[in-house]
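Only one chain comes next, encoded as C-alpha cells, the form predicted alone.
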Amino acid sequence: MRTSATITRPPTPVAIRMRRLVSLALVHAVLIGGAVFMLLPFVFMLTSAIKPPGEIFEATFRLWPRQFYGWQNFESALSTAPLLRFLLNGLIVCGGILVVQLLVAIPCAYALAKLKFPGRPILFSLVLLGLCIPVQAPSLPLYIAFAELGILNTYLSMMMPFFLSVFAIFLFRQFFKSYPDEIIQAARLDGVGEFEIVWRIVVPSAWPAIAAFSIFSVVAHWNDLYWPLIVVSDTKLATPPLGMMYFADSELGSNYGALAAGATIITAPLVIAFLIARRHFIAGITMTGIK
C-alpha cells in the first residue's frame, strides 16, 4: 500500500506580511486601549476644570463645555486654597528627600556592586528584604520617636523616614554591576580614592538610572498622603494632596469645577517633569532591567 505524504508549503511573503500586520494591529490595539483607559480620569479632570457646575455631571459627556468656565474655576481654586504654598511645600519635601536619598544610596550601591568585603551577600539580601517592608509598618514607632524629639509639624518629620531608600540602593547596584572594572582599577592605580571614583567617574555614567529613580521618588512623595497626614496638622506645611484634602472638605465644598482646577494645578508639575526627563527615564529603566 502506498501512503501519500502531505507536502507542507512554506508560507508566502504575502502571508508572512499579513501575519505581522495582524499581530502589530492587535498589540497596538491593546496598548491604545490601555492608554485610553489610563487617560480617561485625566481627561475628565481637565474637562471638569473648564466646565460650570451644572455641566459637570450631565448625562451626556462633552469634551468642550457649552459655556467656558475655566477662568472662574482656576480663580476660585487659587483664591480659596493656598495652592502655590502647597506646591512649594511639595517641592521642598520631594527635593530634600531626593537629594539625601541619592547621597546615601549611590555610595551604598557602589560598595555592594564593586567592593569585596565579608558579608556583602548578606547585606544585599537585607536590602532585598527591605523592599518587602511596607511604609505603614514602622509608622507608629517613628511617630512616637518624632514626638519625643519634638519635630512633629516640621519639614524634617515629613522627610526623615524616607532618607534611606532600599529601592534606590537596589536600582543603582544593578546599574553599577555593568560598569567596567578595568576603569575603576586604572583609577585606583592612579591613586584615586573610592569616594572620588564614585562621584567623579561612576556617577556621570549613571544619569539615566538617576533620572529614572528621581521620577519614581518625586512622584511617590509628591502624591503621598499617608505620612504627612500623620505628622502634620499645620496647613502651612501641607503637601499638595494633604492641602487639597483640607480645602476640599472645608472651603471648596461641592464646587467640583474648582476642585478639578486645583487638582490640575497640582498634577501639572509632575507631568511637566516627566515630559522633560522621559528619555532618561526610559533609558534608565531599560538599562537597569537588562542587567
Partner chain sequence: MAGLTLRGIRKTFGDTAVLNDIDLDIADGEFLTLVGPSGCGKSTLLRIIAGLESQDSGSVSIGGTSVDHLRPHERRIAMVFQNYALYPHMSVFDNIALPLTMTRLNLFERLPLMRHLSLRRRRIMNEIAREVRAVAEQLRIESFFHRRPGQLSGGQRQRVALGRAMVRHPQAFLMDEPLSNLDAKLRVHMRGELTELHARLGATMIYVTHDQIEAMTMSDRLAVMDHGDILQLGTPADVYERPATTAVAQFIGSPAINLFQARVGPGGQVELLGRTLPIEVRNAPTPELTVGVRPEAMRIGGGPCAVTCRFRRRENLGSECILHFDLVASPEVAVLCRVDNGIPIPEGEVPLAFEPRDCHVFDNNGRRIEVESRNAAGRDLRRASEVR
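Note that the structure is predicted; figures quoted are calculated from it, not measured. Residue numbers count along the first chain shown, from 1.
Below, we turn to the form predicted together with the partner chain, even though it does not appear here.
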query	finding
4.5 Å heavy atom contact, residue 149 and the partner chain in the predicted complex	no
Distance check, residue 153 to the partner chain in the predicted complex, heavy atom within 4.5 Å	no
Touches the partner chain in the predicted complex: residue 187 (any heavy atom, 4.5 Å)	yes
Interface membership of residue 200, the partner chain in the predicted complex, 4.5 Å heavy atom rule	yes
Listed residue (99, 78, 92, 192) with a non-hydrogen atom within 4.5 angstroms of the partner chain in the predicted complex	192
Residues from 195-224 in contact with the partner chain (non-hydrogen atom within 4.5 Å) in the predicted complex	196, 200, 201, 204, 205
